[in-house]
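Only one chain is included here, represented as structure tokens and corresponding to the form predicted on its own.
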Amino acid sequence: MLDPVLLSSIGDLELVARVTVDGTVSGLHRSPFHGYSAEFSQYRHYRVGDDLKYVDWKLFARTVAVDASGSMAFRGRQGVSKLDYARMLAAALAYLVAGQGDAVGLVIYDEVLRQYVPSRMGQSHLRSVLLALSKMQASGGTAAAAALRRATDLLRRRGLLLVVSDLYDEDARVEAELRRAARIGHEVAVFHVLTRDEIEFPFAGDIEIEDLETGRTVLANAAATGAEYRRQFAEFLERWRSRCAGYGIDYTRVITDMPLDAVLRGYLLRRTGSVGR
């Protein structure tokens, strides 16, 4: 299992991505699904027990869309920030795709589409993607709808859109863009990145809460507000889970203390199961 704190201390993002993918494949070999391979380049319909090389990667162009808004800077009392986790997860996804000789692109957004790296093949292009991820900083508000529309439109044929975000932008247009991407035939996967503190609200006494996107602060008593906060946050999580389920979008709730290889492995196992249906 790969500790996110340990991985984030490594200065070489390409090494982090390679270690994560190697750990993922090694774990698949040890899983009940015997006979997994690191190769993803061949295709036929998946059956339980088949090698991952039979997953239909070749039909897809792939774009990873990463939320770099201010709220992604939050790290909680321990562990890595949401942005650092998103950076490493996106790098591993890009490394996995490029390692099979396939094209991968990148979209980084906050209030605007901050950076776009078009989908291309090759190791030199992968390094361009990883360089953009390594320089990514959290700042500003969130307005994901336009960036997701652009990312979708740049997939000129049937594609795979991987969204890595804390999903705090609940504007109806964001939901509409995810639904649109799925409706026009793209495969969409959402990685909902959160800290454990955001979910559990383990604070006590009087606290000061700062909105990392606007800078606004409020004073609150944790005992008085904790139960209501947890109720509303649970509803927020359920809304996104049910939305994605309703639109046929793969949804992964990611906590920033979870091993990266376990997250990636879970996604791949679900994806191989869906290909055969």
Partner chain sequence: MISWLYPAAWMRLAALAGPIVVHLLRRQRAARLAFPSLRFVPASRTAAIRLRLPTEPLLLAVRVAIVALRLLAIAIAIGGVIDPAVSVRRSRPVRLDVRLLDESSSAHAARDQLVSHLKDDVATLNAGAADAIVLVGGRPDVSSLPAKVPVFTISLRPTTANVRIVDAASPAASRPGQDVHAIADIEATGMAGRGSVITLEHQGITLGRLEHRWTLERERFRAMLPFTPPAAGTVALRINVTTADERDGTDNATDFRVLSFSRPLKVLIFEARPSWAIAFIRRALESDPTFQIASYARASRGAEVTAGDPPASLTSGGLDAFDAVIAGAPEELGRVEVDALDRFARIRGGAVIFAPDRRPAGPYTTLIPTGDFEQILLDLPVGISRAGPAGNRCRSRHRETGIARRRSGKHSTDRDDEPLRRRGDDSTGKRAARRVERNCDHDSALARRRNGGI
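A quick note: this is a predicted structure, and the numbers were derived from the prediction, not measured. Numbering follows the first chain given and starts at 1.
Keep in mind that the form predicted in complex with the partner chain is missing from the display, and what follows is about it.
Contact check for A144: every heavy atom lies farther than 4.5 Å from the partner chain in the predicted complex. Among heavy atoms of D171, some come within 4.5 Å of the partner chain in the predicted complex.
For S165, no non-hydrogen atom is located within 4.5 Å of the partner chain in the predicted complex, even though that partner is not displayed. Among heavy atoms of R87, none comes within 4.5 Å of the partner chain in the predicted complex. Residues placing heavy atoms within 4.5 Å of the partner chain in the predicted complex fall in a single listed stretch, namely 193 to 201, out of 109 to 117, 176 to 184, 146 to 154, 193 to 201. The partner is not shown here, but in the predicted complex the stretch 226 to 262 reaches within 4.5 angstroms of the partner chain through a heavy atom at E228, Y229, Q232, F233, F236, R239.
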